[in-house]
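For reference, the chain that follows is the form predicted alone, supplied as structure tokens.
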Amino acid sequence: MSGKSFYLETFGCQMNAHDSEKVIGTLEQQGYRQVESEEEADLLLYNTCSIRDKAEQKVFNRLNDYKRLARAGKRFGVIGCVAQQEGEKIFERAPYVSLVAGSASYRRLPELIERLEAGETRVTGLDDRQTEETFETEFTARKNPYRAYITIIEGCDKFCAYCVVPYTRGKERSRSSESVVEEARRIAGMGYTEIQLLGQNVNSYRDPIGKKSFAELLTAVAEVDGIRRVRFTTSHPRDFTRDIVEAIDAVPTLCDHVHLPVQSGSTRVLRQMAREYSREWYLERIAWMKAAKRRISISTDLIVGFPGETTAEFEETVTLLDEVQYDAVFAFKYSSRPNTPSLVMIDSIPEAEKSKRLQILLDRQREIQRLNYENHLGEKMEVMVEGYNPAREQVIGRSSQNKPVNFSWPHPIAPAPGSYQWVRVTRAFPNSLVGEAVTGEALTGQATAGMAAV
């Protein structure tokens, strides 16, 4: 390879986005320079997601769009979940691809890149589920200007019937609590004030040195000097324990928001999904949060049209919305994924019926959110600034409960991303709040430009 520039596009979740930050830092440490377009790059990388079919197809569409660049001597790499899922079949589908590396192999990137530079045309990094290694690096290129991410656990051992993650991300393996807290200190030293802890099932964390539970780790990160907000995602109901709620109640730095995916409101469907809990089990954990001293905002994920889901069982999911009163719901139609147990189930629900159920669910949730958000009218809340919308002349921010808050700003220069501002809510919509800055009560704290390495 004559040049050492690279282009990286990321598909999928926050974990993929943070993986890309670590990949970028690793490549820059190898002497590479990131560029903004495929045409400028010597090496084109696509960090992929396979959680849904559309995400997977986007990657192959992108490869097809730019395969003409292979004739100019550019190299292509597919990394992440699709790489682990498809393996060397990617070379057959896209012969101009030179690198295929799953996320569990990222720690080997320097070696893989060196092999590319030496002239190898097909380089693979495909670890199986037995790997014990996590991807830790001091060279993370933090691109978010106001929030820093820390992956505390990788992989998944849950094997839900519809999910590819256990096969693409490997088994659950946690970082030591000491390494997590030390990274949090380095992040605070850079000027960041908000940290989000990540994991496929973040609350399944098991400290390999045996010092801290997940709740204790939350508290330890929240107590790092300079940190004002700590978030975590995504939790699994099976590992959601009461001490997590107790920690949120006791430590104001822990954000009062929990994302707890339920997937279905029907116990029978949950059993078919291999979720290993019942509706009642899930609602017990919701009750813990409802009884907390702080008002904890709750969001969830839902799947409609899972094989065999009856109309009555779908209605159980709708009634769950009414019972829990979520502040946000991410709902999807079921689609089969490679290598998953649900492939052998008969997917007899027509696509039109799935679409109908999804719309009913979203319409009901929209009404719930409209009422929930209206409860904030007149409230004064702390908002962390994320940007500025010149078209609306509004500052864009987010509350501790993870609710978008847009507010007017009386000064010619907008507050910097990562700073904090008191805002009084004057209008409410189903997905956002609008307010006015409370002048004279600006809060301290400002993130850095987010480009340095940690």
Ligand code: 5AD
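No experiment lies behind these values; they were computed from the predicted model shown. Each residue number is its position in the shown sequence, starting from 1.
The next section is about a form of this same protein that is not shown, the form predicted in complex with ligand 5AD.
Q: Looking at 136 to 144, 259 to 267, 112 to 120, 224 to 232, which one sits within 4.5 Å of ligand 5AD in the predicted bound form if you count heavy atoms only?
A: It is 259 to 267 that comes within 4.5 Å of the partner.
Q: Please tell me which of 91, 167, 332, 288 lies within 4.5 Å of ligand 5AD in the predicted bound form, judged by heavy atoms.
A: Comparing distances to ligand 5AD in the predicted bound form, the residue within 4.5 Å is 332.
Q: Can you pick the one in 69, 416, 428, 51 that has a heavy atom within 4.5 Å of ligand 5AD in the predicted bound form?
A: The residue from 69, 416, 428, 51 that makes the contact is 51.
Q: Classify residue 314 as contacting or not contacting ligand 5AD in the predicted bound form by the rule of any non-hydrogen atom within 4.5 angstroms, answering yes or no.
A: No, no contact at 4.5 Å.
Q: Within 4.5 Å, heavy atoms only: does residue 162 come near ligand 5AD in the predicted bound form?
A: The answer is yes: residue 162 has a heavy atom within 4.5 Å of ligand 5AD.
Q: With the partner left out of view, is residue 303 within 4.5 angstroms of ligand 5AD in the predicted bound form by any non-hydrogen atom?
A: Residue-level check for residue 303: yes, a contact with ligand 5AD.
Q: Just checking whether residue 236 would be counted as a contact of ligand 5AD in the predicted bound form - the rule being heavy atoms within 4.5 angstroms.
A: Because no heavy atom of residue 236 falls inside 4.5 Å of ligand 5AD in the predicted bound form, the answer is no.
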